[in-house]
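This document starts with two versions of one protein chain, written out as structure tokens and named structure 1 and structure 2.
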Structure 1
């Protein structure tokens, strides 16, 4: 019951935060250089054509009227109409958000599991060969650009070895997959389409691996540092001195105390990954949310930019809410 009250309070606090994001995004996109109407009509368009296009998208209205129309549409789930494509933003976003969430959720989940296992394993072997190897890998993951790593994995996994499909989409078109959520692997599971399931899983391997290597590095370093702190603590030394079994020390003391810091960092990494998958999506022709948002920014597509920033902000606040709840469950000292 206490957790439910905490979640309720935090959800109420989201309202002013998201309202501030809406206001700032609406104003900032309109001070960016460039004219979205001219970008889609081209340099040869007449003033009459431009005026008609502005009237169609409501850009001829006063700024306060545009904002009120946009704010009113948000309450009904209407994010506006894309200036570039002329399609409803909500429909385009529904098609693009699923593939990116599928990619990020799988990558972060794998990275968290690996970080817990490798971080604790490395801390228990501090200053040995295995520990040095893990630390070098973390340094490598922090330093290497994701787009370069993606290109290397394509050259090795597809061009040289032929183990994985070409980076030309998310699923083979001949599998006749029925789209439901936009996440192809999830759709294949829901519809029981075996060939589509195998194809979607094969297409996921390289982009997920690219994200995992980049996401794993900060998580791994954090888990290792926390585990070392626990191993050197007086409580752990006292428990070991009392002759507790190795399994009890690992599960009851080391693992639980180490995981206390992980939820907040994992939430930060998850939110960052949603906004930064654009390079991975471009390398693998993934056609996801990041690619769609960047194209909207390049073309000064106001509704697309506003919607993408709002969704990223919403993902941030929701994932940090989940992280705070998990933190409170792991650490009884935290009062919520």
Structure 2
């Protein structure tokens, strides 16, 4: 019951933030230098052509009317029409979200599991060679530009060794995959398309690896720190002194302590991953949400920018909310 009240209160607090995001993006995107209409018309278009196109997208209306139309549309799930492609933004977005979520979810999941395992391993060898290696790796991971790492992986994995497919998409078009969710591996499994499954998995390896290395470092540091805290605690010393079996020490003490901190960290890392995915998708021509949003921004496609910014902000704040709730459930000391 308390949790429900907490969630309700937090959801209410989100309303002003999201409304602020909606108003700000609406205004800022219109202040951006550059004209979306000019970019879809040919070089020989007359002023009358431009005016007609402007009217078609409702851009000739006064600003307050445009805003009310946009806001009204949002309540019915209508994000408007893309100026570049002329098709509804919500449909385009649905097509693009799947591939990106597939990438980010797989990468964050792998990074979390690796971080728990390596972080505890490293803490138990504190100040010894293994620990130093892990810490230096984490420092490197924190400092590496992901887009460059992606290129190096392509250089090694594709150009030199030829083990992985060229960085030009998510699945081999010859496999005739029927798109359902947009997440190609999931689609291949759902339609029972074996060759597509292999192809999608092969295409996923390098971009996922790039993202994992990019997001692993902060997770690793946190798991190591909380495991060290437990190792230095009196409770742990007492448990070890009483001769509790190692498995109990590892599962009941070390791993549990790291799990409590994990939700908020995973949320933070998820945010980083959403940012990185724009770069990683660009490197691997992933054609996902990140690349779509970037294109919208570059071409000043107002509805696309508005929708993508809102969705990113919504995902971001909701993930933090979920993390707080999970944290409260896991750790009874948290007062909410």
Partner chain sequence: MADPQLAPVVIGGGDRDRRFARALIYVGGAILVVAALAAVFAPLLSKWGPTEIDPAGTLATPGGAHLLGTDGNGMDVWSRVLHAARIDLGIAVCAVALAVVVGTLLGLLAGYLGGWVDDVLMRIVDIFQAFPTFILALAVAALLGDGFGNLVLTIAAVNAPAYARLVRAEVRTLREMAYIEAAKTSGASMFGILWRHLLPNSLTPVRVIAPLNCGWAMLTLAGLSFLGLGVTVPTAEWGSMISLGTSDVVAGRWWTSVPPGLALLVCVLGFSLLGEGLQERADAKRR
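Please read these numbers as outputs of a predicted model, since none were measured by experiment. Take the two forms, superpose them, and find the largest set of C-alpha atoms that agree within 1.5 Å; that set is the rigid core. Numbering follows the first chain given and starts at 1.
Legend: structure 2 corresponds to the form predicted in complex with the partner chain, while structure 1 does not. Superposing the two forms on their core, we find that the Cα atom of residue 16 is displaced by 4.0 Å between the two structures. When the core is overlaid, the C-alpha of residue 7 ends up 4.4 Å from its other position between the two structures.
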